Every structure is written in C-alpha cells, then in structure tokens.
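Take a look at this one chain, the form predicted on its own, written out in structure tokens.
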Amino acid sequence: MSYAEYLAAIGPEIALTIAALLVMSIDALWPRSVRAIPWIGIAGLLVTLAMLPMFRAERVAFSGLLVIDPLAVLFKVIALISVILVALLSISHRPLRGFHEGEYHTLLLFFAVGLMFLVGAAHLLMIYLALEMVSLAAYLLTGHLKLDPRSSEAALKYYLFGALCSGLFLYGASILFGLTGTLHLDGIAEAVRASGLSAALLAALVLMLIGLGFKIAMVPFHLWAPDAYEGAPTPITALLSVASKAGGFAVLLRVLAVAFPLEALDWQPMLWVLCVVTMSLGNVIAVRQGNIKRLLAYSSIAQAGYVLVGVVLMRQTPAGLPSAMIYLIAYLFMNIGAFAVVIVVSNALGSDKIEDYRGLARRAPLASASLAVFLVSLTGIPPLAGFIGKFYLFAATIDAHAYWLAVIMGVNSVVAAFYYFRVVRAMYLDAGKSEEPIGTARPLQVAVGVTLLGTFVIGVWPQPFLLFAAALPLGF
C-alpha cells in the first residue's frame, strides 16, 4: 500500500492519535495550561468525527486486518459521539477537577482510538490487540481517582475479570486458528463451511463469546459491571455503559455474521438463552438497588439483553440487525443523558443514593425533568427514542415468529418501569431535606441538551436512522 492508501484507510485514527499525543505533550510541557487540555481533546474528537464522511469509501486495508464498511463507520460515529459527551461530563465532574486531567484526557482519547480500530477489525489478532488497547485504557480510567478506595477496588475487579476473559478469548482464537489455519474472518468462514461442526469448533466459539460477553456485560460475564460502574468516576461509568458496550457489540456482530455461518454452526439457541437471561436478571436485580449508579449498571446489563435480541434475529429477519442498531443509537443518548444528571446531583450533594433524590424537582427542576425524560425513554414510552428502539425490536421478534421472546421483552419492560419510576417518584412526589437550589455547570448543560435533543429527535423523526441501519448488509 502507498502512503496515500494508508491515509485513506486510517486517516481519522491518525488524526485522533495526533490529538492524543498533543494533549499528552501539552500536559507535560505546559502544566499551567491544564484548563485548556479537555477542550483540545474535544476539538480533536470533533475533527475526527467531521473526517469520517471523507473516509467512508468501502475498502480492505493492511492485508485484510481492517475493513472500512457501513458497520464500521456507524460504530465509529457512536464511539466518537459517546467519548465527546463523556469528555464534556468530565470537565464538570467535581472529583476529576485538577486531578491529573492531562493523563485522564489522554487515556480517553487513546480509548477512542482503540475503539475505532476495534470496530473495523476483520482479523482475530487485530480484534485482540484493539480489545486490549480499549481494555487497558478502561482499567486505568476506572481507577483514575487513586485516593478513592472505591475507584481502586473497581479498577482491580475490572482488571482481574477482564484479564481472565481476555485470555479465554485468545485461547478460543488459537483453537480456531488450529482448526482453520487462518485468523481472517472470511477465511475462517470458508474453512468452517468445509469442515462442518466439531467439538473443538464449538469450544472455540464459547471461549470467544466469553471474552466478548465481558465487554458487553452479558450474563453470566457481568459480575464486574455493578462494582466497576459504582466505583469508577461517573463519566467513566457512562463511557463503559455505552462506548465500550458498543465496541463489544460491533465485534460480536462481525464475528458471528462473518466467521461462523449458521449452516455450519447454529449459534442462535445459545444466544437465545443468553439474551433472555441477561435482560431478565439485569432488570430483576435493579429493582433492589438503592444507589443510582448501581441501578443504571444493572439497567445497562438489561439493555445489553435487548440489543442481543436483534443480534439473535439478524439471520431470521431483515429487521433484526437494523433494530439492534437503532436501539444502540437511542441507548447512547438516553443513557449518557441520565448519567449527566447523576453528575449534577453528585456535584451538589456528594451522594448517589436514590433516597437523596427526594424532592429534587423543587431544587433542580430542569435537571429533574431531564432525568425523568431519560428514564421514561429507557422504559420505552413514546414519543422518545427508547420507544422507537423497543418498537423495532418487538417488530423483529414478531416478523421472526418469536412470539415468546416478545412476551419476555414485554414483561421485562414492565419490571424496568417499576424501578425507573421509583426514581421519578422520589424526585416529584417525596419531600426532600432541603429546598436550596442546585446549579448546573455549562458543560453539563450542553451535554444534557445534546442528549435530550437526540432522545427526542430519534423518537419523533427516526426515519434517517432507520434508513441507514436498514442499509447495513448482513455480511457487512
């Protein structure tokens, strides 16, 4: 490949890497410019996002290690928007102010670089290296508040569980290489079709699913999520629940759709069970939570179960893959928006307990109304983005004649409404301990405004998002 071809293949990734190195250099050479560092990082992310339309031409690069296709472009957009919003949240999160901000935002940018490589990886070695890049940055960001024992504990649990799952993924990939003689997903698919089902092939799939299930917090590989989400800085909790999960789903989709053809290995029954258990367990345990971050952590596990419905159905109905994509896009805005309001309350009260949200509507009416909108959207009530996402998931299950799955999703939505509305009730119906107004920093106002806009736009005018998602070919 020529230099021009290299640039055409990974131009946005190069630009974001330069932005990360610039932030790191400025932090080292001009430490007094710490206030400008977050904004330089955000500018780099925005420039990279603006570059994506110019680098969307489909191509295979680096001898098949990377592909640029509609799926990769969509997930790169999701990753960049998520990281931009998280960077905005981080500026106003009180525990992060003045605490190694240069290191923090450098890691945030390298996390985004890793995600961009991950969603375009078409080779198991490239997938593994990108997963490790994302994971290492995530471990460090989770434990960034070194003086907070909860943050250190969360990072340690996240790291130990992640190291185990990463090793299992690599072991599964090595078995697959031994069976097929290649690490390219296309080559694996050809070899699997030729050889057919075997115990070793099934073992390789299971081991790789464990590694990817960890990234999306799929039951039973979710045990790290509640503690990591609670102990991590709240912006990083939002990052893990959206961006990291989206990257995991991108790899899962590509591996299942390309490397494991259904005619050779029927992986659907396994995913049927996993998606039902994931959404059900996440919702049931969320009912008992008294901490808003743990509640949203278990909610995030349940949301992974909903997205898995679209993944399971992608070979049975044309509506399967688009329904998963539209739900992920909706989830980006409503979940990060919810965490933005959690930061507003945490900055003012120093607490994440749900009982401290009592009477919040009288102290912070706009923040309370915003949180109510996000929680109602997560429940799946119109005319918000969550309703559109769930509507198309239900439509996909009906189209695939999976009526029992639609019933289970409906029951889970009712359970979710119970614990989401418990927070809304505390804000609007319960008496608070104080009437003192709560202010909201400008970056948080921007983040809440953007996520509210996204939540309403997708709910009221979903056609552009649906058309783009529907254009994704099943073979990617």
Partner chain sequence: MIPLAPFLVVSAALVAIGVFGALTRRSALGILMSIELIINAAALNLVAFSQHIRTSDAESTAGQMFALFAMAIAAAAAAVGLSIVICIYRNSKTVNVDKIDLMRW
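On a predicted model such as this, the values are computed, not experimentally measured, just so you know. Numbering follows the first chain given and starts at 1.
Beyond the structure shown, there is the form predicted together with its partner chain, which is absent from this document and is the topic of what follows.
With the partner removed from view, the residue among G305, G337, G213, G231 that has a non-hydrogen atom within 4.5 Å of its partner chain in the predicted bound form turns out to be G231.
The partner is absent here, but in the predicted bound form a heavy atom of L168, alone among V311, V258, V276, L168, sits within 4.5 Å of its partner chain. Taken together, G11, L29 and M51 are entirely out of contact with its partner chain in the predicted bound form: none brings a heavy atom within 4.5 Å. Contact annotation: R315 falls outside 4.5 Å of its partner chain in the predicted bound form, judged by heavy atom distances. For A173, a non-hydrogen atom is located within 4.5 Å of its partner chain in the predicted bound form, even though that partner is not displayed. In the predicted bound form, W272 stays away from its partner chain, with no heavy atom inside 4.5 Å. In the predicted bound form, none of the heavy atoms of V77 sits within 4.5 Å of a heavy atom of its partner chain. The candidate stretches are 89 to 97, 239 to 247, 339 to 347, 145 to 153, and the one lying within 4.5 Å of its partner chain in the predicted bound form by heavy atoms is 145 to 153.
Scanning 125 to 144 for heavy atoms within 4.5 Å of its partner chain in the predicted bound form gives L125, Y128, L129, E132, L136, Y139, L140 in sequence order.
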